[in-house]
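Heads up, the chain below is alone and in the form predicted alone; it's given as C-alpha cells.
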C-alpha cells in the first residue's frame, strides 16, 4: 500500500488508501503491477462490471521508472486477461499523455470528460433538502444510464455516503487525498441534481472539491458554474470491443451528472 499511495501522490491523483483498497477488492484477479528492487513501480487495474464491461484504471508508473515500456506491458497483459474472461467491452478515461498508447491498442474516442474543481470557501456550502433521503442501491436503475451492471461498485461507494431523491435519482460523495469528490450522480432533472449537490456540499463544507462530468451534459455544466466550480482537467472517454461484432453498450450521458471516478467510469 505505501508503494501504491506513492504512485498516485507522485501523479497528483486523488486516491486515498481506502480508494486503493476498494479498487483492489473489486478486481482481485485483474489488478497487475511491475516490481523493481522490491517496490511496485507500475500498476494497472481492470474492474469487471459483470460480463458487460471491464473498466481500466490506475495506469501509473513511478517517475523514476518511466520510459521502460511498463505501461505498454501492463496494458497488453490486462487486455489479454480481460478478453479471456469473455467480457464484451473495455473502456477507460484517458489523459492526453495516455491517449496515444490506448489508440495503439485499438481504443477509439467516445466523448470528452472533464474534472471541475472548486477551491475551499469559493461557493455556498449547501443544505440537506428534506426530499433528499439516504440511498440503498437499486440494481435496476443505474444500468440504464451507465450501460453496465456495477452494483458491487455502487454498494462499496455508498458506504462513504449516498443519497437520493425519490423518483429522480441518486448521488454519492467521498473524501479524497486532495479534494472531496462528488460522484457518481445519476438523476433525471437539473433541480433534483441541485438538491443532491447541496447534500454533498453540506457534508464537505469549506473543503476543496472535485466533480468529474460530461461537458455535453449542459445541465451539469450549468450547475457546476452556479456553485463555483471551474474546469481543471480534460480527458477523453475511450472504448473498444473485445471481439468484432459486439453491440455497443447503451448509455445516457444526459442523466449522468457526475461519473464515479476516472478509475471506475
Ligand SMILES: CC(C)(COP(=O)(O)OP(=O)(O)OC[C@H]1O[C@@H](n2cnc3c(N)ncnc32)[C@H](O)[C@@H]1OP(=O)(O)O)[C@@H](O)C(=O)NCCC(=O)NCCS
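Residue numbers count along the first chain shown, from 1. Keep in mind that what you see is a predicted model, and the values were worked out from it rather than measured.
The protein also exists as the form predicted together with the named molecule; that form is not presented, and the subsequent description refers to it.
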| item | value |
| --- | --- |
| Option touching the named molecule, based on a heavy atom within 4.5 Å in the predicted complex, out of 98, 161, 188, 175 | 98 |
| Distance check, residue 18 to the named molecule in the predicted complex, heavy atom within 4.5 Å | no |
| Exercise: residue 59 in contact with the named molecule in the predicted complex, heavy atom 4.5 Å | yes |
| Close approach of residue 205 to the named molecule in the predicted complex, 4.5 Å, heavy atom | no |
| Interface membership of residue 116, the named molecule in the predicted complex, 4.5 Å heavy atom rule | no |
| Candidate stretches 46-54, 193-201, 215-223, 65-73, one within 4.5 Å of the named molecule in the predicted complex by heavy atom | 65-73 |
| Within 1-33, the residues that have a heavy atom no more than 4.5 Å from the named molecule in the predicted complex | 11, 13 |
